[in-house]
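Below you will find one chain, with nothing else, as structure tokens; this is the form predicted on its own, and questions on how it binds or moves follow later.
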Amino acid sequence: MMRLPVLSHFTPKTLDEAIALASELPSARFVAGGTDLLPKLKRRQLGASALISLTRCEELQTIKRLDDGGWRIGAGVKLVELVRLPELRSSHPAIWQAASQVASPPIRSSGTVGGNLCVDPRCFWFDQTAPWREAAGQCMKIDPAVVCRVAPNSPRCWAVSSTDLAPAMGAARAKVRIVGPAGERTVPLPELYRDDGIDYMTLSHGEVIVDVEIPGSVGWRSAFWKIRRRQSIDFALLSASVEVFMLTDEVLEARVGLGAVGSCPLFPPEVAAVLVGTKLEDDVIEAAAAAAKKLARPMETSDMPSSWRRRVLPVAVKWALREVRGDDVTDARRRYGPQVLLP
């Protein structure tokens, strides 16, 4: 049985108290649902002297519908709460689809929006027990003095970003509000991430994601596709989210988010540019999928070869685009990924 290390535990009642505690405890970590953090602490992948629970901070627990039809979603909101929102499913299908495909129903009942956005990049070598890593040798993500086991000649870690919400929310033009010891700031969601498997977020110690603001979706169509080994529980082997703005049958604006094919979510403007000014004809969809394949950089970080992920990524992009075009994709979802159903 894997056990947690000995830790101090704090449960502040307000966000200000939580931030003040983090300032006093430089090796403390914030925890909400803990579905990613606690297993990593048990496997000794991460270190901490204390956990600061955010579960009693009411500022993080709210969901609000905005005047423009958008949403302000607290970072402490449980993923299952998003899945149970038919209004979100109608207004922002891609975000709803992403939330509904995170792990399994029990994990969605504990995991939070902020936790999924902050999920630690994964790697087959890194995500092993401490005895396994001690026997086979550590990696750069555990010990910076060691080479990356995936790319031994690289000066950086290639652990892969596995958040499901980030590609969908980033493509939906979401902004993240962050509060910390230095005050408050709001950034576009893509700016939350660095392309580095170790130092993968731009958050400083003591900073907390408070909420995510998603603008209204009038005229926008969206879809999210996730490919994983099993149709439940597993992290993404790759994912694709597409948002297109169409008042008639012509694409006036587009955004694309790619997940699990790099150390951060990718939002390539080159792929979106292929779609603008078109009617999503088959050849346009093929061209966009080919552009996505060129930009993706999957490494041997999972149990499927990187060559396989490069071949399958265009498939996910194509089906997402066909879905926003209005095609019936029921059979394709059955073949390539899980059905997206209310619990």
Partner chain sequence: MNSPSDPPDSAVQPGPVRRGVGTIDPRTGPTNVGVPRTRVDGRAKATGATLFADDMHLPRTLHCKLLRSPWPYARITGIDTSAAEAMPGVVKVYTGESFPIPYGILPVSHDEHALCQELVRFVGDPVAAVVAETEEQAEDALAGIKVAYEVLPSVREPEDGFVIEGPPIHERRGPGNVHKAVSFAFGDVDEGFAEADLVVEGDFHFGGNTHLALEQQATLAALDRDGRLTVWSSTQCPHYLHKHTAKALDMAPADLRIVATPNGGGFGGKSDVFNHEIVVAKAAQELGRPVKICLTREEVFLCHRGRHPIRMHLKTGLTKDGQLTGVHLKTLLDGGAYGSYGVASTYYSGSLTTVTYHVPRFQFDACRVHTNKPPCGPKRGHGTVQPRFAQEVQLDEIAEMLGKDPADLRLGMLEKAGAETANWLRLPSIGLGTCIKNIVKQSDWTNLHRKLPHGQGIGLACSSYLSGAGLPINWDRLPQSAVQLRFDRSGLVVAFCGATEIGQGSDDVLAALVGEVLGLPAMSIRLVTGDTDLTPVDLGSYSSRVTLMMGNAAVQAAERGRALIADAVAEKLSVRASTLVFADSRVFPADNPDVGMSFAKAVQLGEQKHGTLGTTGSYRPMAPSARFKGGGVGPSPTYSYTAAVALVDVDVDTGFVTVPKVWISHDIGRALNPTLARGQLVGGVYMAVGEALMESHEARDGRPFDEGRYLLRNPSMLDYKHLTHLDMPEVITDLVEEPCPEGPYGAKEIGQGPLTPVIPAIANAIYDAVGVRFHEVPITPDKLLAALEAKAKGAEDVVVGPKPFPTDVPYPEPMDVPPPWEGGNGRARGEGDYAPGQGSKARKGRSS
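Residue numbers count along the first chain shown, from 1. Fair warning: this is a prediction, and the values are worked out from it, not measured in the lab.
We do not show the form predicted together with its partner chain, though everything after this point is about it.
K.L.:
Can you pick the one in Asp234, Glu250, Asp195, Glu213 that has a heavy atom within 4.5 Å of its partner chain in the model of the complex?
P.N.:
If I apply the 4.5 Å criterion carefully, the residue I get is Asp234.
K.L.:
Using heavy atoms only and a 4.5 Å cut-off, determine which of Arg173, Lys78, Arg149, Lys141 is in contact with its partner chain in the model of the complex.
P.N.:
Result of the distance check: Arg149.
K.L.:
Check whether Val315 has any heavy atom within 4.5 Å of a heavy atom of its partner chain in the model of the complex, and answer yes or no.
P.N.:
Close contact exists here: in the model of the complex, Val315 approaches its partner chain to within 4.5 Å, heavy atoms only.
K.L.:
Indicate whether Thr202 is a 4.5 Å heavy atom neighbour of its partner chain in the model of the complex.
P.N.:
Output for Thr202 is no: heavy atoms all beyond 4.5 Å of its partner chain.
K.L.:
Report whether the minimum heavy atom distance between His9 and its partner chain in the model of the complex is within 4.5 Å.
P.N.:
Contact check for His9: no, nothing within 4.5 Å of its partner chain in the model of the complex.
K.L.:
Does any heavy atom of Val276 come within 4.5 Å of a heavy atom of its partner chain in the model of the complex?
P.N.:
Taking the distances in the model of the complex, the answer for Val276 is no, it never comes within 4.5 Å of its partner chain.
K.L.:
Even though its partner chain is not shown here, does it sit in the model of the complex so that Arg65, Glu87 and Val187 each have a heavy atom within 4.5 Å?
P.N.:
Checking in the model of the complex: none of Arg65, Glu87 and Val187 is within 4.5 Å of its partner chain.
K.L.:
Could you tell me which of 69-77, 256-264, 173-181, 234-242 sits within 4.5 Å of its partner chain in the model of the complex, going by non-hydrogen atoms?
P.N.:
Checking each option against the 4.5 Å cut-off leaves 234-242.
K.L.:
For the stretch 120-147, which residues lie within 4.5 Å of its partner chain in the model of the complex by non-hydrogen atom distance?
P.N.:
The stretch touches the partner through Arg122, Phe124, Trp125, Asp127, Gln128, Thr129, Pro131, Trp132, Glu134, Ala135, Ala136, Gly137, Val146, Val147.
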